[in-house]
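Presented below, as structure tokens, is a lone chain in the form predicted on its own.
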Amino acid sequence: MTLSLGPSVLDSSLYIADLRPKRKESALADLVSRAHEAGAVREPSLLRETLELRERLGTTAIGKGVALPHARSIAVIEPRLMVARSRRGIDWGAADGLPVQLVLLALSPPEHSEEIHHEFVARAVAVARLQRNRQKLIEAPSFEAVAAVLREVSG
């Protein structure tokens, strides 16, 4: 079983066109809150704690203005990929020192194996690796345009 970045994991209610916080912790709180409101998460405090613990182990900022926080948790109801953009940038502690403008939050329920979850995360990383894809995602005028880029790249 594999997870593509298609309609089963993309949901317009999990898209944030302009993530406002300046700090990573506040941004994660906003992402988790949105996921809970959209019905993708059942225990927001547990998921937030999990994501914050993951960040303490090492930043999920992968450089070039991208962060890819991720969790496989009992708090997650079904696999989802959240996409959020920050116009001003967020200090995420990236090794290259650049502020994060694009956040891809990969969420998996515990029923999915670690292997499937890591493959899901790897697909999101593959999308963000190329500069033209990052630019398309940052400049996309709508969720539909973001979803089209993700579907095109992930096959």
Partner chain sequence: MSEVATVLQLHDLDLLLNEALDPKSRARLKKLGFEVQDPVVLQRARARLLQGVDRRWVNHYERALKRYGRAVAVVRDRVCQGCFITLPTSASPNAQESLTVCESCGRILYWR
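Numbering follows the first chain given and starts at 1. Given the structure is predicted, the values throughout are model-derived calculations rather than measurements.
Just so it is clear, the following notes concern the form predicted in complex with the partner chain, a form of the same protein that is not shown.
The closest non-hydrogen atom of residue 70 lies within 4.5 Å of the partner chain in the predicted complex. Interface residue remark: residue 54 is counted as part of the site for the partner chain in the predicted complex, having a heavy atom within 4.5 Å. Not displayed here, the partner chain is approached by residue 121 to within 4.5 Å at the level of heavy atoms in the predicted complex. None of the heavy atoms of residue 91 is located within 4.5 Å of the partner chain in the predicted complex. Shown without its partner, the chain has 58, 59, 60, 61, 62, 68, 70, 72, 73, 74 in segment 58-86 as residues with a non-hydrogen atom within 4.5 angstroms of the partner chain in the predicted complex.
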